[in-house]
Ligand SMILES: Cc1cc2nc3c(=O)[nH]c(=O)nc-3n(C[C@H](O)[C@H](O)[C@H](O)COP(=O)(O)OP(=O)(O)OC[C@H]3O[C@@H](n4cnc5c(N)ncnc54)[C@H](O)[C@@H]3O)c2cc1C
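The chain that follows stands alone, in the form predicted alone, written as structure tokens.
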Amino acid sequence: MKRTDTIVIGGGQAGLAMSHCLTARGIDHVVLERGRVAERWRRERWDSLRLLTPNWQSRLPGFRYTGPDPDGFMTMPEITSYLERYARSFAAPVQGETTVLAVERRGAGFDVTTDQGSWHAPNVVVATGYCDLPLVPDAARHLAGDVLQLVPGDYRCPARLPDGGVLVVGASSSGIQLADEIQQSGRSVTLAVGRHMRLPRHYRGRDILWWLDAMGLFDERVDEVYDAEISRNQPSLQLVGRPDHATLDLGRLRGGGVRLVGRVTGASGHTVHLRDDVVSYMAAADIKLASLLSRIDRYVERSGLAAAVGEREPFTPICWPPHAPTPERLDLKAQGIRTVIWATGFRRSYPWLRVPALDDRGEIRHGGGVTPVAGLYVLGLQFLRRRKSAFIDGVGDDAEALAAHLDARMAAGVRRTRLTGVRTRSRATTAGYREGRPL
């Protein structure tokens, strides 16, 4: 059995950021990755996808974008190359093609069993990310077998779909991009709209994420919001990164011929049951957007930026034709729809985590990434410590905080293995879990 001070599970941006912070503190560790660095970015994304965050916002500990297009949006090959360069920049100790099979408590540390052998360490950092597995509603199980069902991670391009129309379920970033691309290929597309957070790509001459960054909204901490769970369950941003920097929203999709319907509530055979609620979701998204733009305007006045940015822009809600209810059912066969794409979000699953750290929903219990199991940490989740925690740009601050906690824990009672292979022993407790404070 191999031994080290810390085992990081996952070789994406979260795992690499943690590795950088541990390296800076001289803490011996290994990063176990089931495939290659940034494996999910390589395999579970469609061909045309780009980051929705501008290149300048791909900041990681000790590393940032220095290319010629800071306002552009990376393609998937570019983001995987970016993360590979990041790993090489500090010689991250990544052990690839290694799947973790079990994490179990052993004494004061953990035994980690993989398909490439076993490890022991006093600390484990779960950095498998927020977008672990697709969240597909139960309705999918009741659709007819001749309907092709996909999730965004399976989709590649319109040419790989069977002939016929497509139903895309979900109107956040992934759903609207897929609806637009498939519609542009000449197919008939129906988009089932649920909760979403509408955002323009630009406002007053600046990228919308520039505004959120400048105003400090991404830095809001868990203890600064009314209810952290509500904030964590907010819908994803309805925002896309495109070479033309254009805004894509429901108004543009409808103008291009995409049929908008309400939320999917069930299915039976070739019938999909819908709720006539698309107008209410669009109105709710418009109200939130109007509030955000007003907040930006107040920030401009307060900070004296008026001369440096564009003029205030009028807010335009997405209008729905009066007396135009949406259907309450959709007959896929009659409509010629042969494919359903579930762009309905993500869930997490930790069947290999055999320690008492999961809640009733199967999520890891934590306070700012520090779990109630001493020595076990989690990183890369939605609103872990700050609103930006699940972004590439946000994972670094969280990683540094957890590395500091882990370092303090070791200083309190755990002798480091270093490279000598000396056995470690912990006397740390769960104190400091609730607020993620150093022991």
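Residue numbers here begin at 1 and follow the sequence given. Everything numeric here is computed off the predicted structure, so don't read it as measured data.
The form predicted together with the named molecule exists for this protein as well; it is not shown, and the discussion that follows is about that form.
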Next item on the list: Look up in the predicted bound form whether Val370 has a non-hydrogen atom within 4.5 angstroms of the named molecule, and give yes or no.
Entry: no
Checklist line | Thr53, heavy atom within 4.5 angstroms of the named molecule in the predicted bound form | finding: yes
Item checked: in the predicted bound form, Glu39 touching the named molecule (heavy atom, 4.5 Å) -> yes
Margin query: Against the named molecule in the predicted bound form, would Leu253 count as a contact residue? Criterion: heavy atoms within 4.5 Å.
Written below: no
Next item on the list: Select, from the options 160-168, 272-280, 126-134, 286-294, the stretch whose residues sit within 4.5 angstroms of the named molecule in the predicted bound form by heavy atom distance.
Entry: 126-134
Item checked: the named molecule: the contacting residue among Leu32, Leu402, Leu384, Leu376 in the predicted bound form [heavy atom, 4.5 Å] -> Leu32
Item checked: Contacting member of Gln149, Ser185, Ser188, Thr99, with respect to the named molecule in the predicted bound form [4.5 Å, heavy atom] -> Thr99
Notebook entry, point to check: Taking the named molecule in the predicted bound form, which residues along 153-192 bring a heavy atom to within 4.5 Å of it?
Noted result: Ser174
